[in-house]
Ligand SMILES: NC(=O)c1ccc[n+]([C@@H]2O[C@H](COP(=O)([O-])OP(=O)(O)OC[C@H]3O[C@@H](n4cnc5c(N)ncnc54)[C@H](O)[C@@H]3O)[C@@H](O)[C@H]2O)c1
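Single chain ahead, written as structure tokens, the form predicted alone.
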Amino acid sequence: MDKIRLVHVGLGAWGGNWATHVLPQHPDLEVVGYVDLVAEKRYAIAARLGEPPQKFFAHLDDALTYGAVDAVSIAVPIALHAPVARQALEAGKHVVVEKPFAASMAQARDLVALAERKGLVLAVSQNYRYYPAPQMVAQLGHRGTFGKIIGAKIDFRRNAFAERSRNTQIPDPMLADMAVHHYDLMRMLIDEDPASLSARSWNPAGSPYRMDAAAAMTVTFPGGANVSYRGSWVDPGPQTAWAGEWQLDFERASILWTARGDQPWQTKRDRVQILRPNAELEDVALTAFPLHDRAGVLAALAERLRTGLEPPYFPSGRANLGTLGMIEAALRSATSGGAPVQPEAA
């Protein structure tokens, strides 16, 4: 097929990053329009990209009627994910929407049903899936290379002070906005939805965050794997890569891995190592990912549209329901003091 003719919605801090760092020169795309209600944002991105003002619109309807459009990418506040995605789907366009998928499981289910009725592709930008390390780990785990998975330990440590973070006012910065990536990777690597989880969250003294910036969690999967998770936006210790530091324990070995470094060299921190009993760590050679992160999501979307088949680990809306269910369960558990909660079935 020809390049996907794409309209991009949202030119704020993150949506503008999509427009300037992800969409330009993507080999599978032709961006035919940009949408944002705020005129200043449209002018700023138009000037930065050197694009004509005719490609910038205040409303999605206008962008969709300006010319031929195949798909819509959405990077707006979470409360707007569902209404904008619905508008695009109703107009007969494929959709890729930023994580978290929607503000509620009910909204997400509604969108999945709508896309399926219309025969359209609805994808969620779970961009951490598209790195060399997690894809290698998934292959090793799903092939049963080291036997059955027993459990995992995950640590995520970042320091908002050092990074001059701009996300200090967002709701549930750890358990929802950040940990959604780690929930999704758990599901991808273990290849199950959790049976239950127990979560606690808190806001350490001196934190610049409005809501809890640190959390700890235990997640139990039906096959018997138990995952211990710790995450913090205000940890003064050694900083992890964005995917965190993982130890996946199998019957015959453990896999230690990490992924997603900082821009512009995001794949340079990807690492996979095997630890067998009474042996030294073995480094695993990784396949290069020229199109990684959000560009990888878009490349997978293009493959799905070209072939009609979902590529491995494709984050379709339906497949992502379990990740959204983990967010809701973690928030309910933390609100109830860590009581075990069963995530809503996908």
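Position 1 is the first residue in the sequence shown; the rest follow in order. The shown structure was predicted, so the numbers you read here are calculated from the model rather than taken from an experiment.
Just so you know, the form predicted in complex with the ligand exists too; it's not on screen, but the next bit is about it.
So which stretch, 190 to 198, 247 to 255, 127 to 135, 145 to 153, is the one near the ligand in the predicted complex (non-hydrogen atoms, 4.5 Å)?
-> It is 127 to 135 that comes within 4.5 Å of the partner.
Answer for Lys41 alone: is it within 4.5 Å of the ligand in the predicted complex, judged on heavy atom distances?
-> Residue-level check for Lys41: yes, a contact with the ligand.
Counting only non-hydrogen atoms and a 4.5 angstroms cut-off, does Pro77 reach the ligand in the predicted complex?
-> The answer is yes: Pro77 has a heavy atom within 4.5 Å of the ligand.
In the predicted complex, does Gly15 have a heavy atom within 4.5 Å of the ligand?
-> Yes.
Find out whether any non-hydrogen atom of His182 is located within 4.5 angstroms of the ligand in the predicted complex, and reply yes or no.
-> His182 lies outside the contact set for the ligand.
Option touching the ligand, based on a heavy atom within 4.5 Å in the predicted complex, out of Ala19, Ala330, Leu324, Val9 | If I apply the 4.5 Å criterion carefully, the residue I get is Val9.
May I ask you to list the residues of 22 to 38 that have any heavy atom within 4.5 angstroms of the ligand in the predicted complex, in sequence order?
-> Residues within 4.5 Å: Val35, Asp36, Leu37, Val38.
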